[in-house]
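Alright, two takes on the same chain below, each alone as structure tokens: structure 1 and structure 2.
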Structure 1
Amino acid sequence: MAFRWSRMSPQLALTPAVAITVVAFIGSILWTIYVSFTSSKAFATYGIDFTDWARQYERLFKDKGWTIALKNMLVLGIGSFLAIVFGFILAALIDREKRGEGFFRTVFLYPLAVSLIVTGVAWRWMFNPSFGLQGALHSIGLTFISFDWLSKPETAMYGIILASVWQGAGFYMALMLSGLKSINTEIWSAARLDGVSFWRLYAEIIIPMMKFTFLTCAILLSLGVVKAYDIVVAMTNGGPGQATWVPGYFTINAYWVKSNLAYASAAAALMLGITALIFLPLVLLTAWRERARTS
């Protein structure tokens, strides 16, 4: 009996966590999807008109704001990929220069300790044309430089990308550095003996060996891009106009500003679908590569 109890005790200990996950996570997802087929406004109503059950989704795809949000999400994803690139470059430089490694690793990781809200506010100040970087440069005579990106619809998203890359590069640097540390030192020694150039070493040997690390970074980056909201609110609040709307901002705006719960739920359900389309293939590819590596 004691042996059986010892086997059951871990399952019993995990039962509250599993119950909370099922109710709060899976249950809320199913509830949101269901509500998206209703005509709920500020509060949920659970009647579904089956003659027009997809009207919220039809409205969504006709909404110019949703189209802008999807395009901005794509732009943000492509631009934010620079965080992985810079993270790898920083990791490679730190790994080659052993002196001061702890200091530089702390410096580059510091932005990660700052919340996205604080990051957004700080960069909004820097982009301010009066007392930001532009004002400082103009005060020393460099009046030809323009750094008021957030005030222009065509450049506002690039300002958000710049702030996101600054905030996230240190995190990806830490992941890349751990990947570089896991590479056998004999590979570096053999490359030096064979006279392999610096660029060939990284392009043909190191980067292919770190493909699992790059894949992990891509998964984390894609999730962050799809759920992006706080940095947009802090820097532009979706403006100018709708120039910096992203799916997360659109969803929150649909409920709190338009008081349309069903419409916001439809947007949230599509965000879940986008996440699944991006996340699941990457996870399956990661699992397949890991299985192939261990077999």
Structure 2
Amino acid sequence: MAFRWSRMSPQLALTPAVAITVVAFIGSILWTIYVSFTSSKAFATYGIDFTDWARQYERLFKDKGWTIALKNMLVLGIGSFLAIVFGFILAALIDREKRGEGFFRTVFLYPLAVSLIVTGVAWRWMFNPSFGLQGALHSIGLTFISFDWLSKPETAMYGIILASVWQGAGFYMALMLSGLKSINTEIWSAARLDGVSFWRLYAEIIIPMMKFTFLTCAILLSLGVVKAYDIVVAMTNGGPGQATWVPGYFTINAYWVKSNLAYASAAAALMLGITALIFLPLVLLTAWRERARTS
């Protein structure tokens, strides 16, 4: 076929994006995975000792910090699911009671507009044992409430969860709200005519209809939890001790503080693995929806 310049332009226009994808993403991922099998310290070395290729990973699983990080990730994940539940409740109520929709939406969503660092700093202040909320509560006699979660290893994660929920609930509310709005209005009318009760309508019709939205929210939330870093730095900086380490924090710490390239790479590779595990359902979900749409 004759050479057609017009066919080339789109391909040429894609070169920067392809180059970025190949170098900054695919290449970099492969590089990191490769380095995780070496024994690089502050600088990358490329020899792999094949008798002991998994040493970084073995070390990782013996590392108390990594175990804590994984456990905290789970705790954060489970706790953050509150954000989805909370988000759905808010969305359902807003959608039902149309009054004040704009106002409530604006209020619930504004935390999302600010940096997680700001969120962290704000909550850190509220958790301040002497001058924060605890002080205020104690001064009015409610001394049995303790609100110094961040300073105790057992409760510090809950503080982070609370701040995350505060920041994220609005996001899930917005997603749910747009999901609810996409439900055919005739369903509401039909339900009213049939006299279906409020709870049954939600439990049996609305929630099953929104399964895509729920799944999307769950996956986005999980991906966010794996990446969590900023909020931890801003609220506890990993402390007290290692109590609030998460994988993202661990990895960056291994690189910047311990200057151990291979070790950090191994941790990052595991983060990628966890992401892939979460991501798999998302890929399947997309395929499923594509099928549902075409059939």
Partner chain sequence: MSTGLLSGDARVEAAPRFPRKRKGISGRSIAILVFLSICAAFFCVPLYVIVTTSFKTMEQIREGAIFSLPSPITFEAWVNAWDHACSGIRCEGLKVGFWNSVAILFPSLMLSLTLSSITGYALALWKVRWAGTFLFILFICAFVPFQIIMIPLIILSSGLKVYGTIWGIAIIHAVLSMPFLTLVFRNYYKGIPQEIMSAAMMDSGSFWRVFGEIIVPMSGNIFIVVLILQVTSIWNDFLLGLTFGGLGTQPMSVVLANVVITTTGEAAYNENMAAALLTAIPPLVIYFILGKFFVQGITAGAIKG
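Keep in mind the model is a prediction, meaning the values are calculated, not measured. Take the two forms, superpose them, and find the largest set of C-alpha atoms that agree within 1.5 Å; that set is the rigid core. Numbering runs along the sequence of structure 1, starting at 1.
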| property | result |
| --- | --- |
| Form selected (criterion: the form predicted on its own) | 1 |
| Threshold 2 Å Cα movement between the two structures at G141, rigid core reference | yes |
| Rigid core fit then A287 CA moved by 2 Å or more between the two structures | yes |
